[in-house]
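Only one chain is included here, represented as structure tokens and corresponding to the form predicted on its own.
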Amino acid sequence: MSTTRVVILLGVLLAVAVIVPHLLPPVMDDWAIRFATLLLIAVSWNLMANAGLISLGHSGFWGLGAYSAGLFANVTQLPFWVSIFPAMALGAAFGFCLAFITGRLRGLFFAIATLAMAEALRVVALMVPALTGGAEGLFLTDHLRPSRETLTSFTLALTVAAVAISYFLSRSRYHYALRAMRDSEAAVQMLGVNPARFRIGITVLSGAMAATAGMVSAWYTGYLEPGAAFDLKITISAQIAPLFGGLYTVAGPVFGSMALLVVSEVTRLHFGNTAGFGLLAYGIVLVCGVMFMPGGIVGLFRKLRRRPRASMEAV
């Protein structure tokens, strides 16, 4: 698809994101916000995975974005959309620090370091109740909270921007450097590419994007507490969506987020009172996806498209 067509398509999607939420019933807005926040953090995780950086601590970026938005709004009393700037700035800054500190870590060691980072942030949030409210939590100023339709439009517009960033990044030379890093950073360095620069860049971008999702979540719920803001389930969802949809692809997180939202609603409606069943369902989806669709939903579509062509060539 040409760049012009992509820009037109993104413009249409952006218009739909702004207009349609004002025509939807409340339950559809709820689904739209949940889908959008999941997609934001899934795209964020997939960007790092494309560079060979497997994060187990994306809930840390999410929580930082949520708390920075809540604290900033309560102190400044500025409109909700302004809080996106401190959320993105803090997420990006922490992404920079994480990439710099873990510069020598690879694979499992890097993943464990990100998990420890997220847990450390949760403990810090608990230990400073004067700032974060501690275990009792923190309420956002109620009169600053936007309407349901406004927040849904804002969030869907952010997802269009995130997917656009992922797409144009996949068409750039930056993408090829990241993909080469995924295979071997040592080999990339021998070719004259500085992997540390690309590693920091993609972690900063990913951190800012995940923090934005946390900011939206904070305004949606109107309440923050460390256990929910830094919940491991956030990281799990961020991983399962691209894995099930199609790892390392632009469309993978989109299809994966849709599938997870359906699974979440089905389990909530039929097994809402069963503790832990949602995580069990996610695990089943992931295992089945890895076993029967190693390329995810995107890989399955590509396989089905190749079959008619192969049949025609055989004839």
Partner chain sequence: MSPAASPPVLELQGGFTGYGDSVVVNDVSISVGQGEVVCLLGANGAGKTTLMRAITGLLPLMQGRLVFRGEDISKMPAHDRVRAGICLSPEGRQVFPELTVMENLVLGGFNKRAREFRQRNLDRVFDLFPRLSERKTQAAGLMSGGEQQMLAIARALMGEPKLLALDEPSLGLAPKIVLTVFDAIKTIAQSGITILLVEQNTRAALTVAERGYVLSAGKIVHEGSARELMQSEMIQKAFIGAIYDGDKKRVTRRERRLAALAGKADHA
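Note that the structure is predicted; figures quoted are calculated from it, not measured. Residue numbers count along the first chain shown, from 1.
Beyond the structure shown, there is the form predicted together with its partner chain, which is absent from this document and is the topic of what follows.
Not displayed here, its partner chain is kept clear of Lys233 by more than 4.5 Å at the level of heavy atoms in the predicted complex. In the predicted complex, its partner chain sits within 4.5 Å of a heavy atom belonging to Arg179.
Contact annotation: Gln77 falls outside 4.5 Å of its partner chain in the predicted complex, judged by heavy atom distances. A residue is said to contact a partner when one of its heavy atoms sits within 4.5 Å of a partner heavy atom; Phe85 fails this definition for its partner chain in the predicted complex, lying far away. Residue heavy atoms within 4.5 Å of its partner chain in the predicted complex occur in exactly one stretch of 183 to 191, 205 to 213, 77 to 85, 117 to 125, and that stretch is 183 to 191.
The partner is absent here; in the predicted complex, the one residue of Phe72, Phe154, Phe94, Phe198 having a heavy atom within 4.5 Å of its partner chain is Phe198.
Of the candidates Tyr167, Phe100, Tyr174, Tyr223, Tyr174 is the one whose heavy atoms come within 4.5 Å of its partner chain in the predicted complex; the others do not.
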